[in-house]
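Have a look below at one chain only, the form predicted alone, in structure tokens format.
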Amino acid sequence: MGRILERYGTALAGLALIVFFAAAAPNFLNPANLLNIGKETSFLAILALGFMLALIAGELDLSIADVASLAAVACGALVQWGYGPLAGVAAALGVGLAAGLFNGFAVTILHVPSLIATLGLAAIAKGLGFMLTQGVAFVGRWPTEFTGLARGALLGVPNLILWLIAVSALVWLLVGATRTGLHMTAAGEATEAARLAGVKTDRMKRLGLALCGLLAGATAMLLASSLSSAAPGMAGDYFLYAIAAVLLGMTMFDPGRPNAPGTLVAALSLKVLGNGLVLMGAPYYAQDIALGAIIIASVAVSAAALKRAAFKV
């Protein structure tokens, strides 16, 4: 029983949370509300999976939200100016990937700790976003080929859910079923030992940060598609939630290690918590208090990986 609670206790708590809000929160089980939870979870989980990949490689990426906002602005600008959906998607993914590659270069070539490098890039990305928009969002009636990426459905399943399933499957396969994933994990957990064993640790760290940036760009593309708008700072609300989802995910399934199933369950639990509190009429600051408590508690349970990434010099 102790082992079961250690591995699945947090997931069971998330299930209990759903049952509680289903009984206590008005309209929680309304299909429209459940669809909204699923949509918000998709954005959050894809962004969080990127942060998880960087953490697996032993690095922190604190620029994810600002990079996603900049990528959304670049995407929205091209779509707004008539360059077409494909150009917008390429811009979002390209900006995210470029940011991830820059972080990898700063960490492995310039030897700047990822905590500092990504904070610096976050400030740059925020400034560039406001420079491109002059503080005014790109809003318009965009082509259905672009908005359908997030708003459409296939065989009754919303596209956002399909995107989440596809990204989650690819991340899970990379980490759990490939030599590259094994090398990324080794580079994050024991960098020097992995290097002595022949693992190209710097390359693995660059890969983790590059994939983190790429998924930030994918999140940006889906956000812009769903909202038909792009603004600097539009992904800011997902920053702490993405970090919390990864940290909370480290308390379940594979305790103490970043893992994709735990991140997905944690992302869903966080969005259920926020949605349920709103439906029950809790004050707006209750979500912030709960989020802070969750971050502290989850780090207390599984702090080792985060400490290695945060305080490595």
Partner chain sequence: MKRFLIAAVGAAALALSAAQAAAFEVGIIAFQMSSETHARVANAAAAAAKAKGWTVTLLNSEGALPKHAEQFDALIAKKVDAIIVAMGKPIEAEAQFKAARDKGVPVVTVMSGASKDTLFDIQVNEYKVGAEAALYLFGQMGYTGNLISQRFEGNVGTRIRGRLLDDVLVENQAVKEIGKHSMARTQSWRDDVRAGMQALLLKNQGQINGVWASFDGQAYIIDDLLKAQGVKRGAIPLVSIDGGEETYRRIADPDSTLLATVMIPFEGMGERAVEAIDSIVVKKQPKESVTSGPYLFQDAVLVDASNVKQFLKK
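Worth saying up front: this structure is predicted, and the values here are computed from it rather than measured. Numbering follows the first chain given and starts at 1. Here the rigid core means the biggest group of C-alpha atoms that line up within 1.5 Å when the two forms are laid on top of each other.
The form predicted in complex with the partner chain exists for this protein as well; it is not shown, and the discussion that follows is about that form.
137 is the sole member of 170, 137, 112, 131 with a non-hydrogen atom lying within 4.5 angstroms of the partner chain in the model of the complex. Although the partner is absent from the chain shown here, none of 174, 190 and 253 has a heavy atom within 4.5 Å of the partner chain in the model of the complex. Partner proximity in the model of the complex, defined as non-hydrogen atoms within 4.5 angstroms of the partner chain, places exactly one of 137-145, 84-92, 98-106, 176-184 at the interface: 137-145. Not displayed here, the partner chain is approached by residue 271 to within 4.5 Å at the level of heavy atoms in the model of the complex.
Taking non-hydrogen atoms only, residue 195 never approaches the partner chain to within 4.5 angstroms in the model of the complex. Proximity of residue 202 to the partner chain in the model of the complex: non-hydrogen atoms within 4.5 Å are absent; the residue sits far from the partner. Contact annotation for residue 164: none of its heavy atoms lies within 4.5 Å of the partner chain in the model of the complex. Along 267-291, a non-hydrogen atom within 4.5 Å of the partner chain in the model of the complex is carried by 271, 275, 278, 279, 280, 281, 282, 283, 284, 287, 288, in order along the sequence. After superposition on the rigid core, displacement of the C-alpha of residue 41 between this form and the one not shown stays below 2 Å.
Superposed on the core, the two forms differ at residue 289: its CA moves 2 Å or more between this form and the one not shown.
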